[in-house]
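Here's a solo chain for you in structure tokens, the form predicted alone.
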Amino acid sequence: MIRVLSYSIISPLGETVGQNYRALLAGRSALAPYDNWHGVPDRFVASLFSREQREKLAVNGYSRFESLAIRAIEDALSRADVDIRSPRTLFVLSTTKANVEELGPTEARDGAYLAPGSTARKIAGYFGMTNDPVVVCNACISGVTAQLLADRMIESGYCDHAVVCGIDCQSLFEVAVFQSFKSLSPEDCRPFDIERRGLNLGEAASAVIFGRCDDGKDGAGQWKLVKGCLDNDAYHLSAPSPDGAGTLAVISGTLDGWDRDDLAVVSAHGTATMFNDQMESVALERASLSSVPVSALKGYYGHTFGAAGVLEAVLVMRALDDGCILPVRGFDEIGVSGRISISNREGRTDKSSFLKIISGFGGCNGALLYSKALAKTAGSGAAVKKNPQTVHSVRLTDSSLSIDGRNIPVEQSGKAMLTWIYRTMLTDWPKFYKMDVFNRLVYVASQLLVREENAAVPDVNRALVFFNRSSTIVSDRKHISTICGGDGFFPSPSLAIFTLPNITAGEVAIRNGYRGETSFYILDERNERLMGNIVDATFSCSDVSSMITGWVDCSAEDTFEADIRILTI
């Protein structure tokens, strides 16, 4: 359990938490329709910064994305007594695509693009941070994953403070991804409503600064992150499990031992898409939370991706400080089968605990429990140090393969070698041929591990925790070529899905039925100490008993490396 020292929000609705909160109380939204935006043929609705806001928030020498993150962190730091330059302060950046709007279809056409890890290092450099930053790139649940990582790293003793910043900017890249899935609504989104037609996009930055609960201060009356859980439903890369199993599992794990009657509200993902809202309603009913009010904020901000899990948690904290349950803008008539308590009118409460739930592409799900009713001695307790052992290891490069240190002769090289290994050693998952080269790399390396293990009964709760530097650069450039070329605007869903790095973990989870947590972290460079600390903290602060983890990087079609292992305790 860790405590919240300060927080911030910068969005099209305002540059402070207060401005944003007052806008919501007034029923204001930044959502607006966009026609023929940058050549996009169909109307969509989004919450985007105005030109005047962008100019005001700009920091000289930094991209739009970097400037927005800097402004949000500056605001949060102004109210927190934290030594940002201390080696005991961790910086975690939550984002799906970072500086992708600066990326071109070829390196020669890149603008100010930096890989996500390098972008995070540049932001850290502005503040003089000395530690290597961590980028959480876990699709829609990135913000929740980032907050849980902060909790784990502090509880495990690797840092005393953590600065978490959730942020995404919208560009032609992201719009084309969701246009390819036909999931964008041409009108304001309507979470959980019978007339909902899809999601709206949004851009924002929100920062939270965390500290220990045992630093000599009581923390009474302060918000605490009590507990959290992540998992994978192992169902589908882009659709949630209809029975809500994944979300139900993270709710149950997070609320284990907690009185549900103490909850003031559930902060739902509420994307206003047909399948997500239905799944969440079913999961909430199955979790015996039908009577707890549901909050959903996409009707004000749209889907802010990497910022969503942070921004929405901050706004619920601010509202509950005022005894307020925020209304669900756009909701009128229930359009889901699960019994939930939802309203478009402001509610009142004297309770001070809430549950944040979220889900995303790749089958990932997350939940966090926040409360300010607890003193520093309550909660989940200190991390229990564990000693995971390597069971099997695989190192696969564009020209070599070794398993448990044994060199395995291979034919060909690069992408063709991956196909050769699959045909020669695996051959049981035809979806392999639909994967991009990065997913083929991770899939082949992981399945070689699983084959070597040859377990009679697979560990269905196994976690998948991967690291890299290049994110999904190969598929990103291919995706850009479909929307920036001379033949028009033709984004492909089969290509767009591979622009999210955590999809690699989703593929492995589905293939093997793994329902443990799946997380993807991006670093500026390979850092074994930091990677080891994150893995150790994951084991120490969760029920994970086995994990596939390691470095998986693919910078070009024929340039890649996977260095992964199975760990067990």
Partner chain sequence: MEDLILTLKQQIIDALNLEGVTPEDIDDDAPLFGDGLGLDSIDALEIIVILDKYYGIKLANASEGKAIFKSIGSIADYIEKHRTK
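Positions refer to the first chain, counted from 1. Only a predicted model underlies this, so the values are computations on that prediction, with no experimental measurement involved.
One more form of this protein, predicted in complex with the partner chain, exists but is not displayed; see below.
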| query | finding |
| --- | --- |
| Candidate site 182, 236 and 493: all three near the partner chain in the model of the complex by heavy atom within 4.5 Å | yes |
| In the model of the complex, residue 345 touching the partner chain (heavy atom, 4.5 Å) | no |
| Contact flag, residue 85 vs the partner chain in the model of the complex, heavy atom cut 4.5 Å | no |
| 4.5 angstroms heavy atom contact with the partner chain in the model of the complex for residue 423 | yes |
| Non-hydrogen atom contact residue 341 with the partner chain in the model of the complex at 4.5 angstroms | no |
| Contact stretch among 299 to 307, 429 to 437, 132 to 140, 204 to 212 - heavy atom within 4.5 Å of the partner chain in the model of the complex | 429 to 437 |
| Contacting member of 461, 419, 400, 290, with respect to the partner chain in the model of the complex [4.5 Å, heavy atom] | 419 |
| Selected contact from 159, 480, 497, 248, since only one has a non-hydrogen atom within 4.5 angstroms of the partner chain in the model of the complex | 497 |
